[in-house]
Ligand code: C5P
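Have a look below at one chain only, the form predicted on its own, in structure tokens format.
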């Protein structure tokens, strides 16, 4: 049965440059798709069927709806629109990326649906068409069609491939906190906008600044996030909120320092989930 992997992503740089006339926020992002972390990767598979259906399984499937509000189904409907016909299929999504963690799980699943449907029904849609559909689904969806390291502009939906920049030793920590992305952007009005400072010119292969302008707003919405941040700082890590929150990434000077930190964090009584990059 055809299957498509759905990796997570890590925003290594996220600048909020202001609010636009349409109510969205002008962003500049550098994002790396985590294509080599099997334990942090969803999987979408499917086969032709009498009607369209979606079954969701996996350790992170609890509470997820499989109906028309799911981004996989929304992506499939856009494919049907582009194809000019129905594309009945039995889809199965295995969820390993936590929901509301800022890791782009839903957007990755949607991008996988576009790829899978295009292949499964031999639609022959060009990459530019798929990117156009992805932009209609959400700001993060297009970057998963490109993969690798990506520059995102506008709401994040205008994407450009960058030369790969290796990740430092990183520990990802999820404390089972769900953070709503819309609530974080609304909270920017309360906590104040960060100083709008875009990404400075980067030399090819240079790592972007370790920065997320949504951090203050996310902590306002979900104060328990601070406990995870402080625990990572106590291990000598440099924590960075992942996207709009829920998960933290901390970088370390060496693999050994990261691994020592992982041992300390793993003993936390909250049973936090860890991934080593």
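Since this is a predicted model, take the numbers as computed values, not measurements. Positions refer to the first chain, counted from 1.
What comes next is about the form predicted together with the ligand, which does not appear here.
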Heavy atom within 4.5 Å of the ligand in the predicted bound form: which of 30, 27, 225, 232? 27
If you check 92, 95, 115, 155 against the ligand in the predicted bound form, which one has a heavy atom within 4.5 Å? 155
Using a 4.5 Å heavy atom cut-off, which of 143-151, 182-190, 97-105, 160-168 contacts the ligand in the predicted bound form? 182-190
Within 4.5 Å, heavy atoms only: does residue 194 come near the ligand in the predicted bound form? no
Indicate whether residue 269 is a 4.5 Å heavy atom neighbour of the ligand in the predicted bound form. no
Counting only non-hydrogen atoms and a 4.5 Å cut-off, give the residues of 115-145 close to the ligand in the predicted bound form. 138, 139
